[in-house]
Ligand code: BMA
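Okay, so here's just one chain, in structure tokens, the form predicted alone.
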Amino acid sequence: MKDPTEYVITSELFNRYEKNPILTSAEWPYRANAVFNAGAVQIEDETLLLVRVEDMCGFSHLTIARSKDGKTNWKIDDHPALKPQPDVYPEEIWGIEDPRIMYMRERGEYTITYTAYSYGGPLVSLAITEDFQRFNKIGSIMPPEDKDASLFPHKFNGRWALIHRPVPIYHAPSGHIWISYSPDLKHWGDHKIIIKARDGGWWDANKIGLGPPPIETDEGWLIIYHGAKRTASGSIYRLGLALLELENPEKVLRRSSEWVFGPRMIYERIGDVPGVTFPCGAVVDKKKNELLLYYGAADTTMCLAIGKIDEILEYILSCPKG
């Protein structure tokens, strides 16, 4: 365990978009309770969000919203892109949620890892698409209780790699970030913990999980992760950073001691689940040196925070070694 005196003093790495929230249920083309926790991807000159939508019955599905600048003038589909299909995929009986999108260069297609909510609890499911019009559901790839999953964009030593967060039944609430490997995206093994939740009073004690998919940089895989700290009024979801080695993502090079982003604004503190900043998607704009972080606020609305890539990397490289 790192000594708390190893804190690195932070500045504001991520600045909130001044027009937050960027998407709310009030502007949705059909009746919905909340819109939040969207996966994100840049396709040519357009940002695509795959938004978690909670309907008025309490179940979630995924709907596409598009924007030219990734900030304004969102065009929202008038129907879900992915809906629960419990008659075919019984693990989706209580809805699907929290998608993470990764473009697989070797396959020429996009993978969507999402949480399916089964009778046995949440688990990791996978869907594949080439165009975000037709989707091929692979089904569950990890048993419950597991979530916060994303694939890496290419293989390591001939195998695909998945980051995810299982939770042990007999030691809950607790959860660490794991990595697993597969030859075919269906059968998984060699499961290992790579980032442990801290103990005690830390902001990321007991339970952590992946935010957006891993972001490839010259310095390593940038990991934005959440820590859920339990308080007398519930859990607070804040964000920290880690850096994994490019050729061996099991190796943690750096990890932030402090959180770098957390609930502050009224729309992050008041909602269906107060005190939550939870990103599932990010887009890198190399020309502008920007990282656009799309996050759900209080499990109610979609918001945006923007950081400078070089400043984020400078910060994580100043953090304690993993």
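Small disclaimer: the values here were computed from a predicted structure and weren't measured. Each residue number is its position in the shown sequence, starting from 1.
Keep in mind that the form predicted in complex with the ligand is missing from the display, and what follows is about it.
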item: Region of this chain that lies against the ligand in the predicted bound form, out of 22-30, 270-278, 283-291, 62-70 [heavy atom, 4.5 Å]; value: 270-278
item: Residue among D146, D204, D98, E92 with a heavy atom within 4.5 Å of the ligand in the predicted bound form; value: D98
item: 4.5 angstroms heavy atom contact with the ligand in the predicted bound form for D299; value: yes
item: Proximity of Y114 to the ligand in the predicted bound form, heavy atoms at 4.5 Å; value: no
item: Those residues of 37-76 which, in the predicted bound form, come within 4.5 Å of the ligand by heavy atom; value: N37, R52
